[in-house]
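To begin, one chain is listed below as structure tokens, in the form predicted on its own.
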Amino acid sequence: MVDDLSAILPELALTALVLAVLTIDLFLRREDKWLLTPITVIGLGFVGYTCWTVWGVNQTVFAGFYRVDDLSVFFKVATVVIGILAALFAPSYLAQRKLPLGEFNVILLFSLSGMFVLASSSDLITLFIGLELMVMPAYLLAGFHKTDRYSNEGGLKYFLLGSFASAILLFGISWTYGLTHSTRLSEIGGLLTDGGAAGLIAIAMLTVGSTFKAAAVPFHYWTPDAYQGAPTPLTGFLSVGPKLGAFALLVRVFGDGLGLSGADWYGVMAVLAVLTMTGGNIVALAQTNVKRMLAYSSIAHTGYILAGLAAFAHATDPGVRTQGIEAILFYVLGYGVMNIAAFSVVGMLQRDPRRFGGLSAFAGLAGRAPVLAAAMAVLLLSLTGIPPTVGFFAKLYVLVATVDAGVAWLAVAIALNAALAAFYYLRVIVYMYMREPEADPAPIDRSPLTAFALALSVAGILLLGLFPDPIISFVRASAAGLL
């Protein structure tokens, strides 16, 4: 197994970074804690570099439990990008509320390590270990503000419902092993299909456990309270990080493991996709709190991504099947950047702890902070799917995948829901540019670090929208490794 260590260099580098940040935090004085942010960001940059060193390896290591391929490299690079943005957005908000920066960075890195494990898992046991390593730190992040009752409530709900979903997933894994006498993803697909009703029960339990982590309807009840209660920049990470890990889990289980039996679960995924995008958008329409609105809209985006998985299941041509996976990969990366940045803008308007990010806080923002308003407008347009942003190409990719797979009705549902979502996203832009500010407007966080991270995110959204070819090539090469 010593020979296998070179294949997990990214995991080893991330583990070393966790230990380094944890140790350095113990010896830094309170006024020097800010050093943890550059250490974390630079360390994650190095971890991202190590991901490229295993590009093209495409081998299974550690007795078949771990698979290092181009698909796993994509998920790890996306994880690093989200981790860097989360580490840059959080410090100012945490300092304002006297929350410990060192603990946040360590918990964040532990969650990222779980996402790394999920990306490379080739066995149900490894998948479950990676999943728990990802979500247990997420429970802590949801309840990170220990003196805030909303944070405590959100963290507790997330923990209880998450534990319940993990139990269902574990029961599904046990059921699968009982039927197939294997936990290898490469072996269980055909055996479960031959298992008749018992096999379908196993697939159902795997589906429930997996889609809960992605916040799909009707397994989404933990999402609004967990997102609302968590400190806002941490909510940004919770809305994209665990979702990225959840789709790594879904792609591994249903792509690697159950890909050949797509007819058995296509209908379920298609229905879940429609319910999720429609339910999230309808409830988001009624929200007057922007933070909660973004929480429900994140549920809707889960539905769009699930449509790519449904297209993969329904297609018979290998090229079209690969297109469904490509749509998932492109969407999770673009969505991750734009959503975490949108939550950060809400956090910048919550410098006063008594403010909760209502629509009125955005009124007249264009007059008070024109650059910040313009950045938020770009983010909202990208979330809506307006060109030339990355959000437009993400939705277009999913639409093309569903049409080519022969499920045009699902593409129609996506288009209708995108139009529905435009109402509540554009409503925020109307408030920023066409409404008078409050008599006592919310103070704005003008931290240079937060502004830099926001500028980086907006630039990425526009560049990926204007010049999508490099990331599309990366996505295609990554998805090709699955089939």
Partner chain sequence: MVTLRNIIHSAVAMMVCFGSLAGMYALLGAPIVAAAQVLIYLGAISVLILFAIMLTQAGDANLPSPFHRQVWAAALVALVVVGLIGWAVTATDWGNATVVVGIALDAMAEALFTDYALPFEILSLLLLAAIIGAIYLARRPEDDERAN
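Just so it is clear, the model here is predicted, and its values are computed rather than measured. Positions refer to the first chain, counted from 1.
Note that the form predicted in complex with the partner chain isn't included here; everything after this is about it.
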Testing 215-223, 124-132, 300-308, 320-328 against the partner chain in the predicted bound form with a 4.5 Å heavy atom criterion leaves exactly one stretch, namely 124-132
Check residue 33 for me: does it contact the partner chain in the predicted bound form (non-hydrogen atoms, 4.5 angstroms)? yes
Even though the partner isn't displayed, in the predicted bound form is residue 404 close enough to the partner chain, meaning a heavy atom within 4.5 Å? no
Taking the partner chain as it sits in the predicted bound form, is residue 20 near enough to touch it, meaning that at least one heavy atom pair lies within 4.5 angstroms? no
Does the partner chain get within 4.5 angstroms of any non-hydrogen atom of residue 144 in the predicted bound form? yes
Which one, 268, 81, 386, 205, lies within 4.5 Å of the partner chain in the predicted bound form by heavy atoms? 205
Listed residue that, although the partner chain is not shown, lies within 4.5 Å of it in the predicted bound form (heavy atoms), from 165, 179, 77, 369: 179
Who in 58-78 is close to the partner chain in the predicted bound form, meaning a heavy atom within 4.5 Å? 62, 63, 65, 66
